[in-house]
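One chain comes next, on its own, written out as structure tokens in the form predicted on its own.
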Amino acid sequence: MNIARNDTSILGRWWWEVDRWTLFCFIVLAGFGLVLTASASPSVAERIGADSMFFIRKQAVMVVPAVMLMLTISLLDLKNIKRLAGILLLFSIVMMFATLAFGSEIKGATRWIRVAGINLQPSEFLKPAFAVVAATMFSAQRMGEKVPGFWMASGLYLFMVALLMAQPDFGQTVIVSAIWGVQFFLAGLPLVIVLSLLIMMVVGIASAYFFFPHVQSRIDRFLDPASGDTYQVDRAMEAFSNGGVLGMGPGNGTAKNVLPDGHADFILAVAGEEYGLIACLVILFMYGFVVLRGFSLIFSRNNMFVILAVTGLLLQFGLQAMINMSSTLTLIPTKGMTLPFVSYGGSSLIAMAIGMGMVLALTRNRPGNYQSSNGSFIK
């Protein structure tokens, strides 16, 4: 883009303030997602009686609006980011209640609702909204405002957990809990409470094992593969083995023909078989780069809200990618969670675009974002 540095228009200022490396990674990951969906989804579509281009068309139709939405949100200032997060949180809560009342039960969980002909997973939108709203509450009390921000954020967190566990959705609960815990710690959580929360986390995981049969089944199969069905993870590991370093070539993989979720939760296995270890490492590098780059951009910020919000959003992005890849590689018990920007899924793609648009907006190098060693602002 040929935009002069002295261009003071909204687009001109955005171009010189936004972190273009992070933006580039998001677009590349979305491109990877389209390529891998085109490779992995035809066999899945044929198994459900649809034409081979069914999932490819749906994903392609969602990618362009998602990227445009991310770019639009990245133009917003801090005040409007807070407003957007508040509206999105209210929308997510209403839709979560609607899902529990009218949603479809799939494999013992009620997480999806059909709205205007579109399947929607409200919990995906809950995560970025919660990260920003909780950051607003934490930062308000931390910066001396007369509001019980810590209590408000904690009450909101417990409410979110209750909604998620009513579905139930243990994976999303883990991510929301991580966002809340890390933000609370950065905002000044006393060490004794940190230790208490760690104990509560262990108790919570143990309780989930005993009270939720699907959690118990996945953990048991992870610890003892002979105790249950491990079909998908076995096929995924075979795919990585077949792919080797350079892969079998685009379209030549066979795992996608037998993996029920090869276009979604196990899309990394398809990438490993057809494009090899090198491609998987490139994808891994992209996620690591975005997270580390984001943290480096906020290290010198003097705005507590920006620090907490970006930390929460990047934690969601990185932790979700880590859970997906670790499950595919059998490093942790399997968990149905999408690979950000890469896996097939409209709700996940749009929600992630909203969250990462917020990251781009909050990390823009605006005047007054930094302080010198004597405390004065660097313009």
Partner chain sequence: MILSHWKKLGYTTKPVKRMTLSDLKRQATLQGQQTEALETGRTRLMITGALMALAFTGIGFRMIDVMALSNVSEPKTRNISQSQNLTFDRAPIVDRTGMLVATTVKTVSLAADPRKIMDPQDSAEKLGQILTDIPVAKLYKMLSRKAKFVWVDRRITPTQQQKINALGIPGLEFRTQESRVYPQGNLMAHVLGYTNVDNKGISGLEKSFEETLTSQGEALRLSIDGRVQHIVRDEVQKAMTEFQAIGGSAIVLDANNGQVVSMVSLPDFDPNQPGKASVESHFNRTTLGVYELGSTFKIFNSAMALESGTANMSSSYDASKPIRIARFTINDYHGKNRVLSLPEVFIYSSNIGSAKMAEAFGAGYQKDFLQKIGMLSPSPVELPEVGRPQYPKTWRPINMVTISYGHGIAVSPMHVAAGVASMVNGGTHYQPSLIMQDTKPKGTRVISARSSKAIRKLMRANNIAGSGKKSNAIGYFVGGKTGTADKVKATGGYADRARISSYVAAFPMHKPKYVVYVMLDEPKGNKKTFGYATGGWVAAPIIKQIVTRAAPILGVTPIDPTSEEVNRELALKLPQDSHT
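Residue numbers count along the first chain shown, from 1. Values in this document were obtained by computation on a predicted structure and should not be read as measured data.
Only in words, not in the display: the form predicted together with its partner chain, which the text now covers.
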Practice problem: Find the only residue in P168, G276, P260, G171 having a heavy atom within 4.5 Å of its partner chain in the model of the complex. | Solution: G276
Quiz item: Though its partner chain is not shown, can you say which of L195, V94, L281, V202 has a heavy atom within 4.5 Å of it in the model of the complex?
Solution: L281
Quiz item: Can F102 be called a contact residue for its partner chain in the model of the complex at 4.5 Å between heavy atoms?
Solution: no
Quiz item: For V161, is any heavy atom within 4.5 Å of its partner chain in the model of the complex, or not?
Solution: no
Quiz item: Looking at the partner-bound form in the model of the complex, is V291 within 4.5 Å of its partner chain by any heavy atom?
Solution: yes
Self-check item: Partner proximity in the model of the complex: L88 to its partner chain, non-hydrogen atom cutoff 4.5 Å
Solution: no
Self-check item: Check all three, V61, V64 and F210, heavy atom within 4.5 Å of its partner chain in the model of the complex
Solution: no
Quiz item: Only one of 129-137, 68-76, 202-210, 94-102 gets a heavy atom within 4.5 Å of its partner chain in the model of the complex; which is it?
Solution: 129-137
Self-check item: Residues within 4.5 Å of its partner chain in the model of the complex, restricted to 318-346 and counted by heavy atom
Solution: G318, L319, M322, M325, S326, L329, T330, L331
